[in-house]
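For this one, two forms of the same chain are given in structure tokens, first as structure 1 and then as structure 2.
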Structure 1
Amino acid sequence: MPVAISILPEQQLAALSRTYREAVARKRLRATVAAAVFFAALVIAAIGAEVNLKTFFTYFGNFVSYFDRIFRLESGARVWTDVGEWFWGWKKWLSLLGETILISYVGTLSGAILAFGLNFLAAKNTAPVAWLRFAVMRFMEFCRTVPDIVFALIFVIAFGLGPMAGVLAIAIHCVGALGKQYLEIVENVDMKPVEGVRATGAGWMSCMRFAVVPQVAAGFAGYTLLRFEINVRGASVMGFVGAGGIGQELIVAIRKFYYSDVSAILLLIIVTVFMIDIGTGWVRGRLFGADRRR
């Protein structure tokens, strides 16, 4: 079937294609300049970070063979040929893993309770006083920007070595991170129930308890579970600075080149993180599923 394609007159076509070419040229120029700036930044960064490709290529074999070595026992046999020898310290490691999860749990829960108390003071729609809102916002920003391991370094000196410092570090970081997520949920609630409760003559506390909390509870729980999962990863390295958990064993194994221990502990951590991941995913599914059914 022949189709009629209308062809524009020569003059109009020339004008159109000129505008097109100009637009494309402008876009190309912008992309080139952006790319040039980016590459310049990369080169400067490479000099700043002492990137040395020669060392990298000389030692890259080490990186590959490192993974070969961590899967070998002292006798030179592959680790999976003798699982008992590979996981020789499983009793100690499992109890340390339990401690890691417990650090994360206690830290997350105490951080969540604090964040729960603070976020109503900081949300735009529920804040009782303006200066308090400003102060709480700045405090939470501080808690979330300073990495938890820096808090752990300081707390280890103040509270002594051990899991307590790790718990407190995770709790503080959690106040900042969860506080912000909670606050965003609270700022998006429906304000009509709040007006309804206030119309009965209730005070600020009752407004929060009966109008805001029922709307946000499921969202809060979801974010808290997610944070718990993130904190398990975080708690697994708290031991690097002496703040408890499996990290202590891991850093010793890496630093002292106990190769098969490194792979065993890493494997345990990865499996634990997977399991926590799946478990919290299941709980979250139940929570939001129940929410939808209502």
Structure 2
Amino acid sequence: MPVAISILPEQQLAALSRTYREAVARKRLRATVAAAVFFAALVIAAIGAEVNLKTFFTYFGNFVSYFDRIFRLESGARVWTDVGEWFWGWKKWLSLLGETILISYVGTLSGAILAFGLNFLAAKNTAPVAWLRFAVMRFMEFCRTVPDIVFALIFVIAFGLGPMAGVLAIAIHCVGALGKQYLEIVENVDMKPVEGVRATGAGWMSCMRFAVVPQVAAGFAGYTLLRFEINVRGASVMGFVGAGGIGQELIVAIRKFYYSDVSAILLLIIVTVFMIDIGTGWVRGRLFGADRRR
């Protein structure tokens, strides 16, 4: 069946083409101006922060030579030529690494429990009263604004060296970080189930339990697993200030110039983080379905 195709007059086509070219030109101009402003802001920020590219390129060789040194044994041979010598302290390091994972686990779980309880009080659509929402929001902002390593320093002074400081630091930071992520999930839930539960005469707690939690449980679990993975790395750094774990051994090796020990410990941390990443990815896949697996 033949189809008739209407052809616009040349004047209309020319006008449409001209309008299109002008729109494209305006879009390109805006993109160019935005890129120029971004680059100018980057340069100004670098100058203000005293970032000197000359210094970077002058001393970049020191960075490369350090990594070359940590992959050599005391004899000068490459570390992989004698793995036994390279990982001479593997039993001690694995024990400390296990302590790091446990610090992260306990801190993440404790922070997640507190964040779970607080986020419903801070979300716009579930907060029972405005003043309580304001107070909880400010508290969570404080928890996530102060770096966890600063909390670790404070708790080391208060409770002494050891894992307790690391657990408390991670837990408090998790309250702020996970609380914010949980809150954003809750604020985007469908409120119709809440209205339905409330229509039965149920109270606030019942509305949260039966109408909101079922909608957000999967998202909460996903963010918690991701935060656990992040906290394993954070717990490794907290050892630098005496908050327990493998970080304490790593900072000793760095300060005493035990170069091969530095690379061995770093490799153990990297492999552990890889394994946790794969494991949490598998768990997320099991929780959310095969289409969410990595």
Partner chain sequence: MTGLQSHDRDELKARYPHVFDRPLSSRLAVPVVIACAAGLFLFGLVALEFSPARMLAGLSQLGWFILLMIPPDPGSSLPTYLAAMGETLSIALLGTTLAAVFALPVSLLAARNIVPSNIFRFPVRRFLDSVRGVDTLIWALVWINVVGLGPFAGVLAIAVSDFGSFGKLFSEAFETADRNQVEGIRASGGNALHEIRFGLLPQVLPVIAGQVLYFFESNTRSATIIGIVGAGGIGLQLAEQIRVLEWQKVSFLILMILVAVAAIDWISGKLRFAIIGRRAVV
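Rigid core (definition): largest C-alpha set, two forms, superposition within 1.5 Å. Numbers given to residues start at 1 and step along the sequence of structure 1. Not measured: the values here are computed from a predicted model.
Only structure 1 of the pair represents the form predicted together with its partner chain. A hinge is where C-alphas change from fitting one rigid part better to fitting the other better; between structure 1 and structure 2, that place among Arg138, Asp68, Leu266, Ala36 is Asp68. The smaller of the two rigid parts turns by 14° against the larger between structure 1 and structure 2, as judged from C-alpha superpositions. Relative displacement of the Val51 Cα between structure 1 and structure 2 on rigid core alignment is 5.6 Å.
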